[in-house]
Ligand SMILES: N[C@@H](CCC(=O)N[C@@H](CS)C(=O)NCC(=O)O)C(=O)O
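Just one chain is shown here, as structure tokens, and it is the form predicted on its own.
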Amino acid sequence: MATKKDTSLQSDFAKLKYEPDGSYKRIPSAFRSFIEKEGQFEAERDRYHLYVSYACPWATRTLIVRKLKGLEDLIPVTIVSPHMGTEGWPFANVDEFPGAEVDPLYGSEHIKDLYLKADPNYTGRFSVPVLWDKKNHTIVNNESSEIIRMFNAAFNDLIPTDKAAVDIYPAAHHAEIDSINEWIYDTVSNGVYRAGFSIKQQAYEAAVVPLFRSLDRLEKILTGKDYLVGDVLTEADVRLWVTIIRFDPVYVSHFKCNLRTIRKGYPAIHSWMKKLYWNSSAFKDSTNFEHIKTHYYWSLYTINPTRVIPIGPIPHVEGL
């Protein structure tokens, strides 16, 4: 389903907008509806579809929580190719990358086709994840932090009791989770992008220094602990983990976040990351390093013009 409208400003990485100081500013997600009882979007079987990329950390959050909550049968998922070109994220019918899939609903060529189907006048970025409503043929939400909260609670009446009991946003820890999420997002999860996308030295340094200060802070928090908040897995772990698992393979070299590596510079963070990867299929199965490395080193060609994809680090994740 090709679109004739010129959407290059929304889909082409080379046309990202920068601040006057050379820094990159992320545009907020535009579709922010919720699945809730007696609302426009109610929890139903086979009503919603999730579109993601294995490469994207934000999208991978939703894959992890989808599996933790046992939502695989309720919410099907489609994986796009990691080759994000001038038209944005492509489906397998445009780019037959191993593990990429075709859009089973509309035969779309790119993620942007779904956005323009939902709103022909949409002017934002064509990002993933996309939580799609098959009943109304529109996007419910494209903000990962909100999608994982919906997955955490909205479908509890439709899943087995053991899965419904899984709660990654426990009421007793709301304030602490919200607080830690805020500074981790600003300096770490988005901080790696602010460092990597900077086009002036001062902007880069203004991002990379706070990033490593926050990693130092996280190292202290995780020393002797398996989780960030309390003694239980929460969304704070999910949100941070998708950045940390990409850190050594991508962000150290590609985004110039090279003050220290995770595996050599942060033993507590490294141990926490490895335990989640090796002990939880929700984390391990959502991680595809071929997609991750191909996307960053191939798609972000203004940073890596040769599109040569590095082999290392070997192994991508060390054993426990």
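Counting begins at 1, following the sequence as shown. The structure displayed is predicted, hence computed values, not measured ones.
Unshown form predicted in complex with this ligand; subsequent notes refer to it.
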(request) Just superimpose the C-alphas near the binding site, carry this ligand over as positioned in the predicted complex, and say whether the shown chain is open or blocked by the 2.4 Å backbone or C-beta rule (3+ atoms for blocked). (result) open
(message) Among the candidate stretches 164-172, 83-91, 149-157, 210-218, which one is within 4.5 Å of this ligand in the predicted complex when only heavy atoms are counted?
(response) 83-91
(request) Can you work out whether this ligand is within 4.5 angstroms of a heavy atom in all three of Arg26, Ser127 and Ser144 in the predicted complex? (result) yes
(request) Answer for Tyr193 alone: is it within 4.5 Å of this ligand in the predicted complex, judged on heavy atom distances? (result) yes
(message) Taking this ligand as it sits in the predicted complex, is Cys56 near enough to touch it, meaning that at least one heavy atom pair lies within 4.5 angstroms?
(response) yes
(request) Would you check, heavy atoms only and a 4.5 Å threshold, whether Ser299 touches this ligand in the predicted complex? (result) no
(message) Using a 4.5 Å cut-off on any heavy atom, which residues of 305-320 would contact this ligand in the predicted complex?
(response) none
